[in-house]
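Take a look at this one chain, the form predicted on its own, written out in structure tokens.
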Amino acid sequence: MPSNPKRLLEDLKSLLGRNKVIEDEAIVRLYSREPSGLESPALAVVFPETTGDVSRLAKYAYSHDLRLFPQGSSTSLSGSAVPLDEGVVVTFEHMNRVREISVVDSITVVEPGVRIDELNLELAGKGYMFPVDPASSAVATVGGAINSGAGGMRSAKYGTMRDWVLGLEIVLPDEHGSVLRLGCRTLKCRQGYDLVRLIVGSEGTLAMVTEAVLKIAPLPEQVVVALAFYPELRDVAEAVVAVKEQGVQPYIMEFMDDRTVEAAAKTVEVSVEASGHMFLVGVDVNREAAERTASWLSRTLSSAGATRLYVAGTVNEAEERGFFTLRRSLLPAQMRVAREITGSPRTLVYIGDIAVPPSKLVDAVEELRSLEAKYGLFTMIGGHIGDGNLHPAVGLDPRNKEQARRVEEWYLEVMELALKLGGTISSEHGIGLLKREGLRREFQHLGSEKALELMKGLKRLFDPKGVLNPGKVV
């Protein structure tokens, strides 16, 4: 803890401006928690507005051993946005300008506080989009998505943030608050070691992002969307195989198990009968092929045993009928059910982020059900079935020590089963606080423990005094 917090806060106000440093306890608490329920106190929240502000803050933090906790919109689910030490939360919400859009160059240049949905509204007017779409895209920021390495529903076709970040402006926590510009404005770029992709997914532990050059893609001419429900999980797997065997790369391919569908249907309003295991698939086509594709999807999903099937010819129609709303309600549904089960307003929700080869998805879900029985924890499952990314979730009352112990053991075993099936412990939520042991086990499983030492060395190189988001990742 700083020896003189009041003096420190006065220094920050003099350095940045009094209106950029907030120490009101109620406001600080809002910025010191994650949707999962994890929270920890901080001294203040700082609102930089320029790269110069961030540089001065970083320089001061280095000189005074002040802990900084960079944050987008605090939608992290792994503890990466929660302060762990007496320091200040640095939110980039005031750095929220779209500086440039060039459809000829296929790029946009943005500040880190730009919300992804707001960016896509601007891009849509030019017939383009930024494809990375986490479920929290309405509030998730570009900077947060860069730091977490976010994915989303379109990741089966478009990948994750590491595939769409071309260049970055970053600030280092050193004696100068050094500003570096990395990467390029061009789609091809080689600058020696790839420092841009080192920063992507680093969870604010190496540097603070103040600007990003992102690739953009043309909006698809049309997307045919099908929503199907199946009585058995293996039927969903057969539907996935049937789609992929036709040489189709879906625009989206999502899954929720039957109990999660039931909870989600109680959380949001949809105009379909939602019951059973949900399979949501979209295929982007030209307009002339839309009707033929809709018929093909109907036949394919029906032949796999769908008991209810709904098809929309466009994304707008699918949105109006609630197809995407149901899937986007995964986290709210998981949190709602967890609170009902624990009966506690302080409920924490542990949400997994494992990925397995899509061919192993049924095995993964069946093993998750076995773990549910082993630990006596009601488990809800959904995720991105197109790339094998699953989000199992359980809730706990942190005051119940026995329950907390079981949940922590369950969480580790979930990561272990991913490794056993040839997968990974984390796909898009990051390592943060909750998966550090899982990361160690993954490298141990791969016989690559030295990788952790290399990561710790990189942390010391970028952040020699450990002021940026300490206690996270490694």
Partner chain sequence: MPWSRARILEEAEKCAYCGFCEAACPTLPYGRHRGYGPRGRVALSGHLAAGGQASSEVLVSLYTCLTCAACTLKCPAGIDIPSLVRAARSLVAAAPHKKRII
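This structure is a prediction, so every number in the text was calculated from the model and none was measured. Residue numbers count along the first chain shown, from 1.
Keep in mind that the form predicted together with its partner chain is missing from the display, and what follows is about it.
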- Query: Within 4.5 Å of its partner chain in the predicted complex, heavy atoms considered, which of 139, 103, 309, 404?
  - Reply: 139
- Which of 272, 124, 84, 268 has a heavy atom within 4.5 Å of its partner chain in the predicted complex? 268
- Item | its partner chain in the predicted complex reached by all of 19, 30 and 73, non-hydrogen atom within 4.5 Å | yes
- Taking the partner as it appears in the predicted complex, which of 56-64, 425-433, 30-38, 410-418 has residues with heavy atoms within 4.5 Å of its partner chain? 30-38
- Given that the partner is absent here, does residue 292 sit within 4.5 Å of its partner chain in the predicted complex, heavy atoms only? no
- Task: Considering only heavy atoms, tell me if residue 135 and its partner chain come within 4.5 Å of each other in the predicted complex.
- Result: yes
- Does residue 321 reach its partner chain in the predicted complex if we count a contact as any heavy atom within 4.5 Å? no
- Counting only non-hydrogen atoms and a 4.5 angstroms cut-off, does residue 93 reach its partner chain in the predicted complex? yes
- Query: So which residues in 320-344, when you check its partner chain in the predicted complex, have a heavy atom no farther than 4.5 Å from it?
  - Reply: 328, 332, 335, 339
